[in-house]
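Below you will find one chain, with nothing else, as structure tokens; this is the form predicted alone, and questions on how it binds or moves follow later.
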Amino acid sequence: MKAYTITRDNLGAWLDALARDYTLIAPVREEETVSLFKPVRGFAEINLGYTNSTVSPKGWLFPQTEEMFFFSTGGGQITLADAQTPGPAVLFGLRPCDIKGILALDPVFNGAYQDCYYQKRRQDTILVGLSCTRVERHCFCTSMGGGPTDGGGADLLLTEMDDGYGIEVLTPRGEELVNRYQQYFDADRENRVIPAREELGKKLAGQFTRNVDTTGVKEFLDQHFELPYWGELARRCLGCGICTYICPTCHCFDIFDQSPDGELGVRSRCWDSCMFSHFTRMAGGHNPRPTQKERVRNRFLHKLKYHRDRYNLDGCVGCGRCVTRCPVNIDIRQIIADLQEVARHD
């Protein structure tokens, strides 16, 4: 594994160059407490001091609303035209939990059923990770197999150091990017980068306020679909769907057509939520998840069981966004503990 260093001044110059040559998506501060990943024109717009973004950066690869194709029915014939897709891009500043979130989405969209829209964006996007520098009270990535300095899945990983940043090359595509802009980097001849990241990882490991033990939870859920616990939890849930919209691994969507004049139109898709009552409602009116109990159960079974059944990956990365944003304080960490308690008394 190759490693490099970059000064703070050169980091700014490099990001300005990336913004000229690629679509550069990076964390931007919208308000005092809101950070989002958006296309930027240069380093001056980027917020490197964020802990984690309010909404996950999955929206670049799987947009909240996305045009799929245009259609025309004029002259008695149907013609289709592909929607324009963005070109080469760099998704910069990803925290390790969000890199893991992208890895959880990959087999959904690039697995047995290929999704050309996600696939095109994914192939055209270079992922540049950024090690965490602090741990918030809602973070629990280490409990879900990750870590605040774990860059696995990214092409490059940056770690802040006293005199700039260390950069680890994790893929051939990452190496190509460094080589293209080699004037900004210095080789890590003193072998400081990896030890600095490892030392930071050890320091941050002691900052987690809550460790979550998932041992036996999936195995219990494998054998227990109907539990009174889900009804108790559902009485608190408002069904607002915010947990699904900010989650880095949720991937449900709806598809709709718009044609104002009846001849020219566009087919689009947008994020949907399994927490909404209409999500599973069928044309005849039947709903296999008729109450909030079934919907709450489905969400947490997806995070703790279904995703692992299908892809051998956890459906939760421990980012804690849902913990901080739920208006009624439903906490997946407590749900895991509650399920273990129910299992002990089963």
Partner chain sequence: MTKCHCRNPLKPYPATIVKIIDETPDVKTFQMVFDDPAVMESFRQKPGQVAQLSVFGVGEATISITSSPTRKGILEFSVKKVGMLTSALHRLEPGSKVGIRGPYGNHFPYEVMKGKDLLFIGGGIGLAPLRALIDFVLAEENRGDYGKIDIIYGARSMDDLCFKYDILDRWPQMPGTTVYTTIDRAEPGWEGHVGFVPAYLEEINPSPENKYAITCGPPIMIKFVLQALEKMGFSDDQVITTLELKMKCGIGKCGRCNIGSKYVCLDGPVFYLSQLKQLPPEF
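Everything numeric here is computed off the predicted structure, so don't read it as measured data. Positions refer to the first chain, counted from 1.
Below: the form predicted in complex with the partner chain, not depicted.
*Asks:* Going by heavy atoms within 4.5 Å, which of 290-298, 34-42, 48-56, 317-325 lines up against the partner chain in the predicted complex?
*Replies:* Looking at the partner contacts, the answer comes out as 290-298.
*Asks:* Would you kindly say which of 207, 171, 133, 259 lies with a heavy atom within 4.5 Å of the partner chain in the predicted complex?
*Replies:* None of the others qualify; the residue that does is 259.
*Asks:* Note which of 191, 183, 114, 215 lies within 4.5 Å of the partner chain in the predicted complex, where distance is taken over heavy atoms; exactly one does.
*Replies:* None of the other options qualify; the answer is 114.
*Asks:* So in the predicted complex, are 3, 313 and 341 all sitting within 4.5 Å of the partner chain, heavy atoms only?
*Replies:* Heavy-atom distance to the partner chain in the predicted complex: none of the three under 4.5 Å.
*Asks:* Is residue 28 close enough to the partner chain in the predicted complex to count, meaning some heavy atom within 4.5 Å?
*Replies:* Residue 28: no contact with the partner chain in the predicted complex.
*Asks:* Does the partner chain get within 4.5 angstroms of any non-hydrogen atom of residue 234 in the predicted complex?
*Replies:* Because no heavy atom of residue 234 falls inside 4.5 Å of the partner chain in the predicted complex, the answer is no.
*Asks:* Is the gap between residue 197 and the partner chain in the predicted complex 4.5 Å or less for some heavy atom pair?
*Replies:* No - in the predicted complex, heavy atoms of residue 197 and the partner chain never come within 4.5 Å of each other.
*Asks:* Is residue 163 close enough to the partner chain in the predicted complex to count, meaning some heavy atom within 4.5 Å?
*Replies:* It does not: once the partner chain is placed as it appears in the predicted complex, residue 163 has no heavy atom within 4.5 Å of it.
*Asks:* With the partner chain taken in the predicted complex, which residues across 302-318 come within 4.5 angstroms through any non-hydrogen atom?
*Replies:* The stretch touches the partner through 302, 305, 306, 309, 310, 311.
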